[in-house]
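Quick heads-up: it's one chain on its own, the form predicted alone, in structure tokens.
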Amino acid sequence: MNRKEFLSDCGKMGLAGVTLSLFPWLESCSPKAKLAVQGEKVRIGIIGTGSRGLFHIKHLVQMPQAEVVALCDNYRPHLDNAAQYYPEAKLYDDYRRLLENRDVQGVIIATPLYLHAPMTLAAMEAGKEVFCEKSMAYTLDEALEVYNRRKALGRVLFIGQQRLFDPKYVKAMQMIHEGVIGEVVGVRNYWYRNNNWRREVPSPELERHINWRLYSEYSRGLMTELACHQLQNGSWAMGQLPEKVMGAGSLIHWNKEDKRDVYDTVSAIFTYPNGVNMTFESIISNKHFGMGEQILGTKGTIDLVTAMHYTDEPAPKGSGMHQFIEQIERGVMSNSVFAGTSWAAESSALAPGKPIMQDVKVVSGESSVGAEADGSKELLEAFLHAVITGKQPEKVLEESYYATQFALLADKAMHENAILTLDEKYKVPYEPLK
């Protein structure tokens, strides 16, 4: 399924009325919704023009409905790079000055984590619609403040959880909700890299400014930078939120080179009310297994990253003679096949998977900036549509909110060596996705 087919399929889903009831935020992807805003433009200001901000800019230049009129960064080389794409845009080194610009309708915030909540709040107060990169906030209290303030002001707020708009994830979740893999009994997530997460610094005084991810003063490390994406998988697949979380984190390798203080190795277990566990593990000193996200059911497994479906109850390949001829053609005859039941149904452990859609572009997870075909472009388009219509999509913010809260809670559990539950004061209305 390519992007054009995905948008077309969204239109069909709207007619069917089934899938959009599960994923209402996809309504903006339908041809009918796109036609309704055709010719409209959104005047955008971008706060933070580093690697992720530039990633968004490269998508925005392809979107006729986007007009970037303002750019802001307090690191001049980043600002100058972004200005090459939009030479007419006004340039700022203070985001508060950008927010005073009345031409700006919506802002995209791609700054260090500790600035997400303050900038989002300031932007909403200034009357702007907001797209902020994940995670929503640096602390549990900040996340709740942002959520409540958005509700009070009635602003549009998107958080950078692009999996909600990735066609292969949407298709996979539809299959899961239809019972294709049976009852969900486990969720596995992991993200492995082998790099020190460090960026080149032209001058020592810029160390923390550029390498903010390495210091807990500005970042919560792997849980908010990586796990936040994957923690939606469980609630999306099962239609419920975790009940408790435990975890362990260590700084075991990269501290030999520098004075960073965020973990380079983490493991967390999230337990749901029905007893199902979701795991997340990340190591950034070994990349062999890359990135993986699997939903395990009583009848099979769906790998979300590769868009493959594996069944625990594979159908027989056909008659013995048919399999015999097939094996001869493939040259894989065994010396022992002439005794016993030679062509029985395959075991589940060896059953080949089947793609859930065609032409899937698999994302390795190795890039710390972003990757094509991961839903980021569709997410941006949905934000522009929401700014034009003034309509906050259903459920998308709550999913992002809880992904942030449970990422932060897991990080807290690691530091406190405790099993934690989310305090009642942080719970907001949540409607399951099934």
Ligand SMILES: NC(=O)c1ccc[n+]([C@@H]2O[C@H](COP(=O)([O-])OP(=O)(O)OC[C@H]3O[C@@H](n4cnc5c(N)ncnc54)[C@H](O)[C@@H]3O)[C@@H](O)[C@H]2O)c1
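From 1 onward, residues are counted along the sequence shown. Predicted, not measured: the structure shown is a model, and the values here were computed from it.
The same protein has a further form, the form predicted in complex with this ligand, not shown here; the description that follows concerns it.
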In the model of the complex, the residue from 133, 264, 303, 166 that sits within 4.5 Å of this ligand by heavy atoms: 133
Candidate from 292, 112, 239, 118 lying within 4.5 Å of this ligand in the model of the complex - any heavy atom: 112
Partner proximity in the model of the complex: residue 309 to this ligand, non-hydrogen atom cutoff 4.5 Å: no
is_contact(residue 142, this ligand) in the model of the complex, heavy atom dist at most 4.5 Å: no
Non-hydrogen atom contact residue 369 with this ligand in the model of the complex at 4.5 angstroms: yes
Proximity of residue 73 to this ligand in the model of the complex, heavy atoms at 4.5 Å: yes
Candidate stretches 208-216, 244-252, 171-179, 282-290, one within 4.5 Å of this ligand in the model of the complex by heavy atom: 208-216
Contact check for 48, 225 and 229 against this ligand in the model of the complex, heavy atom at 4.5 Å: yes
